[in-house]
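One chain comes next, on its own, written as structure tokens: the form predicted alone.
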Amino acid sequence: MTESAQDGEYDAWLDSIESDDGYYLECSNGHGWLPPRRVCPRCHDQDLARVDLPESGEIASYTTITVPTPQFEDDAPYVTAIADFGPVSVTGLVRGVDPDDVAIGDVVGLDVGERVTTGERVVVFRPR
């Protein structure tokens, strides 16, 4: 793995996922957001509470990358997806399934992995 700069709260959030303590932030009006946040972007509420992420989510959208930029050439082909985990949408890479078998509505779990090309940590979805 290559050394990369820490990204503050994002890396802390990845750490929480790795330790099975993933969370999102929810305002008093029930809007959910991924950290970092100090205020709800939807209603401007500053009263944000940490809420456990659901154990599984559902793929809402995805795309398969077969011709990547040189930065990710060793990762290809790979699937980037958006999965809904309760009130929040998370973007990540789908692993553990053939790219041709990924579909909208697939149920996935949340994990942390590394990009093959760069060794950087990334959000990973795995089939449930």
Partner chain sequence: MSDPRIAGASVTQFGKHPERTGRDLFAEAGLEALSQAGIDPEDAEALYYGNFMGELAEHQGHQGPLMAEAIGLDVPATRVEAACASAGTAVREAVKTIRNGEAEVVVVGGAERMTNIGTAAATDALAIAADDLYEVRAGMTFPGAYALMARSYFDQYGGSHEDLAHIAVKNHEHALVNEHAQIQQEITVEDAIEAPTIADPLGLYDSCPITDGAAAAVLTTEAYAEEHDLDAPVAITGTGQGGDNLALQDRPHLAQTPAADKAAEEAYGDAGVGPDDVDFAEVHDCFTIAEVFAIESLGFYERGEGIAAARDGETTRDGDRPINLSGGLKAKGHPVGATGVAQLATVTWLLDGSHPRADAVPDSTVGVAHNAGGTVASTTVHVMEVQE
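A quick note: this is a predicted structure, and the numbers were derived from the prediction, not measured. Numbering follows the first chain given and starts at 1.
Although not depicted, the form predicted in complex with its partner chain is the subject of the following passage.
Contact check for Val116: no non-hydrogen atom falls within 4.5 Å of its partner chain in the predicted bound form. Among heavy atoms of Gly96, none comes within 4.5 Å of its partner chain in the predicted bound form. By the criterion of a heavy atom within 4.5 Å, Pro68 is counted among the residues contacting its partner chain in the predicted bound form. Contact check for Pro54: every heavy atom lies farther than 4.5 Å from its partner chain in the predicted bound form. For a residue to qualify, one of its non-hydrogen atoms must sit within 4.5 Å of its partner chain in the predicted bound form; none of Ser16, Val39 and Ala49 qualifies. Residues of 83 to 102 lying near its partner chain in the predicted bound form, listed in sequence order, are Ser89, Val90, Thr91, Gly92, Leu93, the criterion being any heavy atom within 4.5 Å.
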